[in-house]
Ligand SMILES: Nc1ncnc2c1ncn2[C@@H]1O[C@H](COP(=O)(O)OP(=O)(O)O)[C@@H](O)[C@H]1O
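Take a look at this single chain in structure tokens; it is the form predicted on its own.
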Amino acid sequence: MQRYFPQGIATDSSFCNREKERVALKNSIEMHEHIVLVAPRRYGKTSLITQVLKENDCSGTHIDFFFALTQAEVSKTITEGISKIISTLLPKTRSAATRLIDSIIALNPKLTFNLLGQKLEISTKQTTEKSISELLLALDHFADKTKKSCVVVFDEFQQIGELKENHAVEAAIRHAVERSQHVSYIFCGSKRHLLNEMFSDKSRPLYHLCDLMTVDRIESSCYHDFLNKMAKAKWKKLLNNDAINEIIHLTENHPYYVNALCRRLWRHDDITTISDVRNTWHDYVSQQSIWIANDLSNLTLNRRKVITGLAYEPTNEPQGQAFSIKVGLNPSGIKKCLVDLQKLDMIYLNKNGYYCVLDPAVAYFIRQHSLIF
């Protein structure tokens, strides 16, 4: 059965647009440059990277630091990721693979063969910071030997910044990355303010190590074309424009929520109508209400006032008199709440300079339940 709007990573026919970002990533990879990819949660960063690697036939490894809570765990996570990517670069024959393994003898390589293929295990006896540099430098050396380029994706990278030894680990990574000739690095994560600090603070080792790429919401015109393509695949006809506009309006072009809503709509045998869109969205948000209410209840009263005001009406003058009166706070109190809510990734400043609620389901829930306005 065709998966029109996958719950997880979207690739190939399920992947929508991102043409500029795909070209920019492709060019960076070809030039062995490095990118820090900044976007809110659930904007499709992983899908974007996966699609680029797939359509350009690039070897890559995805190293996720979400569960790396200590310096030693960071080193272990990198070791496992580098082992995997080197394994994919190895020749398939035992003799050729064994000869190449000698080039990384310092990593104590152990190559085993079984019915499933070959498996490489590596380790280093250096201190944690030195082992991280050694592992990444060894990958670059190995890529040179095999004449193959590759990509290392560091996901949830902001976790490094929360370690006690964060500067030492960041310095070790910089030492290797800036010497890389055959490996491209992509740094991304879900906590934008922490990620920005790591690469924009002059006192941090990773300062200006990479080019910055931001991922925004997909344009409405692109979604019109994409949703009609999916409608023709499912129902052999185009959607009514009112239905498409309502999907875009309710989800506010948020990639995760476009997929979540459409995944439910495309289960219907009959083509979607505007009434289907509204009812399905309302039911979907209601199903998420326990999680949404819990997130909102964890906010201070002042933060709840500000996010409620923005849910009803985004503003480009949050410290102006009109918004101040609406939420019942003075300008300095509003400013502090805006900073806090941005750090929590609950609001964002859109490209037109308006402060908005980041999550359209949260905004809809507030408008349905708030008694303030």
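These numbers come from a predicted model, not from an experiment. Start at 1 with the first residue shown and count on from there.
From this point on, the text means the form predicted in complex with the named molecule, which you will not see here.
Peer 1: 26-34, 343-351, 42-50, 311-319: which one contacts the named molecule in the predicted bound form at 4.5 Å, heavy atom to heavy atom?
Peer 2: Among the candidates, contact is made by 42-50.
Peer 1: Go through Asn259, Thr251, Ser184, Gln158 and name the one with a heavy atom inside 4.5 Å of the named molecule in the predicted bound form.
Peer 2: Of the candidates Asn259, Thr251, Ser184, Gln158, Asn259 is the one lying within 4.5 Å of the named molecule in the predicted bound form.
Peer 1: Please tell me whether any heavy atom belonging to Gln368 falls inside 4.5 Å of a heavy atom of the named molecule, as the geometry stands in the predicted bound form.
Peer 2: Result no; Gln368 lies far from the named molecule in the predicted bound form.
Peer 1: Since only the chain is shown here, I'm wondering whether Ile218 would be in contact with the named molecule in the predicted bound form (any heavy atom pair within 4.5 Å).
Peer 2: Ile218: contacts the named molecule in the predicted bound form.
Peer 1: In the predicted bound form, does Val362 come within 4.5 Å of the named molecule, counting heavy atoms only?
Peer 2: Result no; Val362 lies far from the named molecule in the predicted bound form.
Peer 1: Report yes if any heavy atom of Pro255 sits within 4.5 Å of a heavy atom of the named molecule in the predicted bound form; otherwise report no.
Peer 2: Close contact exists here: in the predicted bound form, Pro255 approaches the named molecule to within 4.5 Å, heavy atoms only.
Peer 1: Using a 4.5 Å heavy atom cutoff, which residues in 4-18 contact the named molecule in the predicted bound form? It's fine if the answer is none.
Peer 2: Residues within 4.5 Å: Pro6, Gln7, Gly8, Ile9, Ala10, Ser14, Phe15, Cys16, Arg18.
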